[in-house]
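Only one chain comes next, encoded as structure tokens, the form predicted alone.
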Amino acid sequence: MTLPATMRAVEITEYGKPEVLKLCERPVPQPKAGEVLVRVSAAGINRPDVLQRRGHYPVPPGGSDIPGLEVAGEVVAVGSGVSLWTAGQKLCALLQGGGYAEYCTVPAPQCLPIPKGLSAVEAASLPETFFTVWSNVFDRARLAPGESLLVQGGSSGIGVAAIQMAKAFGHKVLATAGSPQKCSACEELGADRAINYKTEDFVTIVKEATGGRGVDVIIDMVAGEYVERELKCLADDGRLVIIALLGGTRGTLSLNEILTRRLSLTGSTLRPRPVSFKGAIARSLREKVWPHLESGAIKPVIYRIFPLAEARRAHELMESSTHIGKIVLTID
């Protein structure tokens, strides 16, 4: 297959507001050993892309400065040592960066087949959120059979994935959201109770919904002053896992409560982790979650689609926080 020398991409011309995103021409990247080259059909938009655009989410060494952490498309070339993927295969993949472009390279272990029955746009909405939820809720926080989960920000991309994944495995799920419409969406996706955090006290509702016991696991994108309240929501031996800091980097908490009730407070970021770590998550997703996507028990939630040239508008929508589910770019 003859590939072009250059491609269209969206670059961050300087740190700042969405208008710093500009369409540009870049060389088509070449796959290194262990990588595949993908002709991108669609790329998911995620809040870390916004943080990178603002200058708060540095690119790991060796990563592309082009934003975009998840794509779906077709393999057009493979680097040495790649045996599981060949040219012509369709896939979705988790990237360190480079997704807002016509072509990107990605380590082969971070690729997954597009689930049967899903479009490229739907598949592009999966990797970043599904890798994150699996890694934090099921691996790190060890959500076990019979346990319950509180999802902070249930209408976000992470939230809709977490609600559906936990329900698919039979867990009781509570979720917070900021409007009646978003709360209804969370319950339609499977949440047993959605809590409007603007009009309801989530600590009180969680206690009522669990008979005073509290939830076993909380996945939190807010942090800050939420942490002290979240500890009160946890059952004894409960686990709070922080994956973002939208509410700030500092908060207060009771160490005595952690000590006497054996609570665990942890957190993680996915982007800088090694390929081997992400590859292990990919294998778990393919074995345990992809069948639920193919059966329809878990469904991608796409809120809006923009062409690549309108990445600025996609970021404006992301920052408005009015969306429910994922925002996706398409590449013609």
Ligand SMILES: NC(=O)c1ccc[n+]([C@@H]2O[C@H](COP(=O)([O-])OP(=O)(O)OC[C@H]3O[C@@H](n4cnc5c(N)ncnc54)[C@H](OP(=O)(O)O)[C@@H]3O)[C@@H](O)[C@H]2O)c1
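Predicted model only: the values in this text are computed from it and were never measured. Throughout, we count residues from 1 along the sequence that is shown.
One more form of this protein, predicted together with the ligand, exists but is not displayed; see below.
With the partner removed from view, the residue among Val59, Ile305, Val275, Leu51 that has a non-hydrogen atom within 4.5 Å of the ligand in the model of the complex turns out to be Leu51. By the 4.5 Å heavy atom rule, the three marked residues Ser155, Ala177 and Thr269 all count as contacting the ligand in the model of the complex. The closest heavy atom approach of Tyr103 to the ligand in the model of the complex falls outside 4.5 Å. Contact check for Leu118: every heavy atom lies farther than 4.5 Å from the ligand in the model of the complex. For Val75, no non-hydrogen atom is located within 4.5 Å of the ligand in the model of the complex, even though that partner is not displayed.
Put simply, Ser321 is close to the ligand in the model of the complex: some heavy atom of it is within 4.5 Å. Considering the ligand in the model of the complex, the lone stretch of 156 to 164, 140 to 148, 254 to 262, 232 to 240 in range is 156 to 164 [heavy atom distance within 4.5 Å]. Counting a residue when any of its non-hydrogen atoms is within 4.5 Å of the ligand in the model of the complex, the hits in 231 to 266 run Ile243, Ala244, Leu246.
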